[in-house]
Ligand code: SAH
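Next up: just one chain, as structure tokens, the form predicted alone.
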């Protein structure tokens, strides 16, 4: 896959990173027996839909190079990221493997999944990963986490407006929320604008791209936090999904 990494992300994993990706795949297969982590277990599908897709979402952050082979030096300033509703560890773990000077917090409300991820990060010797058990609605109201992160990642968690309500309160001013989607339309962008504005953000860009093996259409929404999120957001647990902005 080295050529595809280089052509699509202008980055090639080091031998060490390739080994970590392989071990991550083996850990996911093993963990799947107890935890039903993912339906994607075919090696090529795993590479495309979990590894490549995770890293493609942060492509705007990688333009300065990420310290793998055939790149320039890593981004000069270390960034603090949070992966909301991380599940099996995507996109957070591949990103932590890819960029060693990014600190990645994996947030999930399921204790068993977090326990699995802690074992995985230790086995892969990923010292730049932290874990956090909790619901995004509650964590977003806690002072030690609110307005703390440079980047919030959210993938396969809910509608875009719900994702925005989870992510923006956790960001510093100027921070970036990355919402991973499959299909997306211009009408959906217009509908999302009002919700994002209420949360102190703007839709900075929407990127459409095609996956390299199956030619599937994917989108990433990039929301920039430009003002303080009002204190009532995120609303209590369950409310964002029941009454989306």
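A quick note: this is a predicted structure, and the numbers were derived from the prediction, not measured. Residue numbers count along the first chain shown, from 1.
One more form of this protein exists, namely the form predicted in complex with the named molecule; it is left out here, but the text below deals with it.
Trainee: Given the stretches 167-175, 136-144, 97-105, 119-127, which is the single one in contact with the named molecule in the predicted bound form, using a heavy atom cutoff of 4.5 Å?
Mentor: Correct option: 136-144.
Trainee: Residue-level contact is defined here as any heavy atom of the residue lying within 4.5 Å of the named molecule in the predicted bound form; does residue 115 satisfy this criterion?
Mentor: Taking the distances in the predicted bound form, the answer for residue 115 is no, it never comes within 4.5 Å of the named molecule.
Trainee: I'd like to know if residue 109 sits close to the named molecule in the predicted bound form, meaning any non-hydrogen atom pair within 4.5 angstroms.
Mentor: Yes.
Trainee: With heavy atoms only and a cut-off of 4.5 Å, decide whether residue 90 touches the named molecule in the predicted bound form.
Mentor: It does: once the named molecule is placed as it appears in the predicted bound form, residue 90 has a heavy atom within 4.5 Å of it.
Trainee: With a 4.5 Å heavy atom cut-off, would you call residue 79 a contact of the named molecule in the predicted bound form?
Mentor: The answer is no: residue 79 has no heavy atom within 4.5 Å of the named molecule.
Trainee: For the heavy atom contacts within 4.5 Å of the named molecule in the predicted bound form, list the residues of 137-163 involved, in sequence order.
Mentor: Contacting residues: 137, 155, 156, 157.
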